[in-house]
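Okay, here we've got a single chain as structure tokens, the form predicted alone, with questions on binding and movement later.
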Amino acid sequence: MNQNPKNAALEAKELERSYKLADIVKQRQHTLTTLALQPGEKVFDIGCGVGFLTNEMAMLVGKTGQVIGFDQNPEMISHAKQRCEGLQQAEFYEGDAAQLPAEDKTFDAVSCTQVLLYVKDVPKVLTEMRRILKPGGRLVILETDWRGVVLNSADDNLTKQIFSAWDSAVPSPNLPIHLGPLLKKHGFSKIRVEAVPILNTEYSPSNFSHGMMEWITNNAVKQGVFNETQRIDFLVDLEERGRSGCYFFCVNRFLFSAKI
């Protein structure tokens, strides 16, 4: 899918900001702990974004290892290359996750963070993941259940509509409930699922939900849930709840790990 260069640049800039938030740093550390990378291993990072996870994986596998960062957004790749400058074990490629530029059975581990909900043919990508993993190779996938969001707002029905609008914006919504059986069907074993909750009780730019609410309400306007004036009113209400100590947001991300 081709992307407007201006939109691609804005997306990369926003990702730079959000990946530095404490909520996402904690999530990234959880992912690394689950991967349990060792010096000399080869890792393929699907949807590497601006390269935060790729950078940390490269440090763990060291100069004797290799990390491939892969993304469809050239702006993301540009940021990731800068972040990993000087790490000879880190390489980056642009392309489609359904056609990974790697030989069969060559990687010790594959990671995939917040990517599959944007993919039309998830089984095809899972087939590619399995293809490039060595026997005994490890897989880690992180996805969000946007249908399970808890948000203290003035209008519960409108809040449900805002988050439901996301189903119309991505090819594979509500993916976590289907992912376990899909992994098993595609030959993965020792499948584990862990909840990685993001809980915010302050409406602050330093928290994940602040920027996310801007993004998700913009999408709701595009989907016709409400207009821009109503969107602003909705966000003002959240700000007031933040000032009064009544703000509450929680969403679960799910970390799937498996082996072949």
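Numbers follow the displayed sequence, beginning with 1. The structure presented is a predicted model; accordingly, all values stated were derived computationally and were not measured.
What follows is about the form predicted together with a small molecule, which we do not show.
Although the small molecule is omitted here, in the predicted complex none of 137, 180 and 189 has a heavy atom within 4.5 Å of it.
Remark: residue 47 counts among the residues lining the small molecule in the predicted complex, judged by a heavy atom distance of 4.5 Å or less. Residue contact with the small molecule in the predicted complex: residue 76 places a heavy atom within 4.5 Å of it. Contact between residue 164 and the small molecule in the predicted complex is not found at the 4.5 Å heavy atom cutoff.
Among heavy atoms of residue 115, some come within 4.5 Å of the small molecule in the predicted complex. Scanning 106, 152, 72, 174 against the small molecule in the predicted complex with a 4.5 Å heavy atom cut-off leaves one residue, 72. Note on contacts: among 97, 126, 84, 132, the single residue with a heavy atom within 4.5 Å of the small molecule in the predicted complex is 97. With the small molecule left out of view, the stretch that reaches within 4.5 Å of it through heavy atoms in the predicted complex is, among 84-92, 153-161, 180-188, 118-126, 118-126.
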